[in-house]
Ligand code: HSE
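In the block that follows, a single chain appears as structure tokens, in the form predicted on its own.
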């Protein structure tokens, strides 16, 4: 299986390490030999139709900060140029999420599909802004689009809703989908001010470079779009979400909630409306998780409410979700 990897930050590097450590196991168990034939990062790129040396890729990135130094020619081809000129079976889109126009991820995904590549995206931007049309494009080009790492990182939230609750009709769901805001609100419940809690979250590397993605609820809203489309078969995009972040949550709100045996959490919900907003949740509710944990409760017609809890992010966790999608694509291809 030939792979082009667009984006070589923490997730991309974690994936390469994971593929390296699981190489023998993947071939023995699934008959799959993933070969990375192209990698692109913000500094440049590296390509080799016979497969790039995974250890060397990691070493070069660590030493020079860009894969362009993989070869002496210092390849400066863009992600788009690699997709147009290198033959591959799967594109993995792992560039930074951008909720304004979703570029460059959107162009990468569209062009890869048009060339007949299957796509795995951990970039939420294109899915948040154009989920319905991207799914249509995948169908039109007879390729698969997978994105299990966009919601819940390594916790298989999307797979659980689609597969474990198969045959059930999910009527609504609500979740804590952003670990950063959950960490900040947990610290505020323990007595920290918003500013101190934010500073602490930044020092631990939990906050996005653009903090508004976390604090204003955009990250949670993007995940809500993906869930609503995938789980509830809706056709919605980011502008359809009513979104309020946590900037206005103060100590009085936290104290008021505590008196009712509740905690303030940033909740993304899909009932009749799609809403992201801070809400009081009972401390006894399984959804009321602390720290950087994510949780989501699915309510279905006959099975009642079931809650899934797990770590929402992390390089290796998200890399494991990409591998899960790769194996899923492999299985689907072998069926057809």
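Residue numbers count along the first chain shown, from 1. It should be emphasised that the depicted structure is a prediction, and the values quoted were computed from it without experimental measurement.
Absent from the display: the form predicted together with ligand HSE. The rest refers to it.
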Where, among 246-254, 138-146, 207-215, 82-90, do residues come within 4.5 Å of ligand HSE in the predicted complex by heavy atom distance? 207-215
Looking at 198, 161, 117, 177 here, can you tell me which has any non-hydrogen atom within 4.5 angstroms of ligand HSE in the predicted complex? 177
Is residue 223 close to ligand HSE in the predicted complex, meaning a heavy atom pair under 4.5 Å apart or at it? yes
Would residue 265 count as touching ligand HSE in the predicted complex under a 4.5 Å heavy atom rule? no
Within 4.5 Å of ligand HSE in the predicted complex, counting any non-hydrogen atom, which residues from 116-138 show up? 124
